[in-house]
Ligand SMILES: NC(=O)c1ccc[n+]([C@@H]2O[C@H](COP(=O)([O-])OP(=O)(O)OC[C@H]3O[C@@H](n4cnc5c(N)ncnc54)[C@H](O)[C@@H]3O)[C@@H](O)[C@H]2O)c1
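Just one chain follows, in the form predicted on its own, and it is written as C-alpha cells.
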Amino acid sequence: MDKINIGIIGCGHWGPNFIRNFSQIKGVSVKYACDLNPDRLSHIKGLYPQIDTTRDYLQILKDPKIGAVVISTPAVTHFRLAKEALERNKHVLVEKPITSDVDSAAKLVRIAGRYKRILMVGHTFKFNSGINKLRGLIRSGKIGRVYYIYSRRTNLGPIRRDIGAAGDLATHDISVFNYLLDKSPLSVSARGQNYLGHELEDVSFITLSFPGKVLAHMHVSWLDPKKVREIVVVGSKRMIIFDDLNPDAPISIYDKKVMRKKFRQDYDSFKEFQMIIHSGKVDTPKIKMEEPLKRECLHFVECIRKDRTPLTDGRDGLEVLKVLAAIQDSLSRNGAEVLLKE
C-alpha cells in the first residue's frame, strides 16, 4: 500500500485538528503545515517536529511527493488554492463552504473532473454518528411522513470577519437537511441583523421549503447566551430530537403524534373528525459516537485509495452553496422569498 503524503494549508481553527487526525491514519503522512502566522507554525512544530512548516503554500503544491492537500483557510481563498492544487494533480479536501460563490464552485467541480482528482468538501455532519442514525430512522419510515424540521445552532461567539453567521453556521444545517430528506429546497427566505457593528449578520432566521410540503427552519447566531446544537424532526408517527452536545444520548425518539378519530355518526354542531393527542414513551437508542472529523478524514483517504466519489464531493458542496447563496440573497432583500431550480 503506497503511502499518501498530505499537506495542510491553513493552521488556524481546524488545521491542527486535520493534522492530528491524518497523523493517526495508517499509511498517511502529514508532510507539511502551511500558515501565514509564524506563531501558529511554531505551535505546530512543537507538537509535530517531524512536519515541515512553511508560509508559502506553493512549496507544498510544487512537491511531487505530495498526493493530497487539505485547505482550511478563509472561504475567499478556497477557489484559488483548490484550483491550483487540482491543476497540479493533487487530491483536495477543502473546508466548507466549497468557495465563496456559486460560479467558482462550479468551475472547481469541472476542474476536478478534468484532472480526475478527488474534490471533497468538509461537510462534517454527514460523518456524525447521530445524524446518520437520524437519517436511518427517517428512511426506515419509523417516524412516518416528515412534516417539518428545525435547527438551532447558537453560541456567544466566535465572531468571524470573513463570513456572516449564516455563511458560517447555516452551511452545516443546509447540508444536514438535504442529507436527511434526500432533497434540495425549492425556496428560501431569511432575515438577519448585525448587532455588533460590522457589515456581516450576527444572527439569522431562515426558512426553507422542500418538496412534499416539508418546511425547515434554522436559527443561527453568534450572539446567544447558550450554546445549542440541536435538530428536531417532526413526523406523522414520531418526533425526534438530535442534540449534538449530548454525547451519551444524542438521539431521543418521542412516541408522540396527533391522530384523527372518526365518529360513527355525524353531529350537527361538531366536525366529523376529532384530533386525539397520543403521547408515549421516549426512546434513547445506544449510538457508538466517533469523532466526525476522524471519519471524514478516513473517508477522504479511502476515496483516494479506491478512486471513489466522496459522500461530500464537489457537486454536493456546490448544491449546498446554491442554497446558501439564495439565503444571502434573501437576507439582502429583507426576507424576500428566493426560488431555487428543482
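All values derive from a computational prediction rather than experimental measurement. Sequential numbering from 1, following the sequence displayed.
From this point on, the text means the form predicted in complex with the named molecule, which you will not see here.
Peer 1: Given that the named molecule is left out here, which of Lys83, Lys90, Arg160, Lys257 has a heavy atom within 4.5 Å of it in the model of the complex?
Peer 2: In short, Arg160.
Peer 1: State the residue from Val282, Leu311, Leu36, Met289 whose non-hydrogen atoms include one within 4.5 Å of the named molecule in the model of the complex.
Peer 2: So the residue touching the named molecule in the model of the complex, by this definition, is Leu36.
Peer 1: Thinking of Lys126, Arg191 and Ala326 as one candidate spot, does the named molecule come within 4.5 Å of a heavy atom in every one of them in the model of the complex?
Peer 2: Contact check failed for every one of Lys126, Arg191 and Ala326.
Peer 1: Quick one: find which of 329-337, 316-324, 6-14, 20-28 has residues within 4.5 Å of the named molecule in the model of the complex by heavy atom distance.
Peer 2: Stretch 6-14 is the one.
Peer 1: My question is simply whether Pro74 lines the interface with the named molecule in the model of the complex - judged by any non-hydrogen atom within 4.5 Å.
Peer 2: Contact with the named molecule, yes.
Peer 1: So in the model of the complex, does Asp168 come within 4.5 Å of the named molecule, heavy atom to heavy atom?
Peer 2: Output for Asp168 is yes: heavy atoms within 4.5 Å of the named molecule.
Peer 1: Does the 4.5 Å heavy atom contact test between Pro185 and the named molecule in the model of the complex come out positive?
Peer 2: Result no; Pro185 lies far from the named molecule in the model of the complex.
Peer 1: Using a 4.5 Å heavy atom cut-off, state whether Arg40 contacts the named molecule in the model of the complex.
Peer 2: Because a heavy atom of Arg40 falls inside 4.5 Å of the named molecule in the model of the complex, the answer is yes.
Peer 1: Check each residue of 207-242 against the named molecule in the model of the complex and list those with a heavy atom within 4.5 Å, in sequence order.
Peer 2: Sequence-ordered list is empty.
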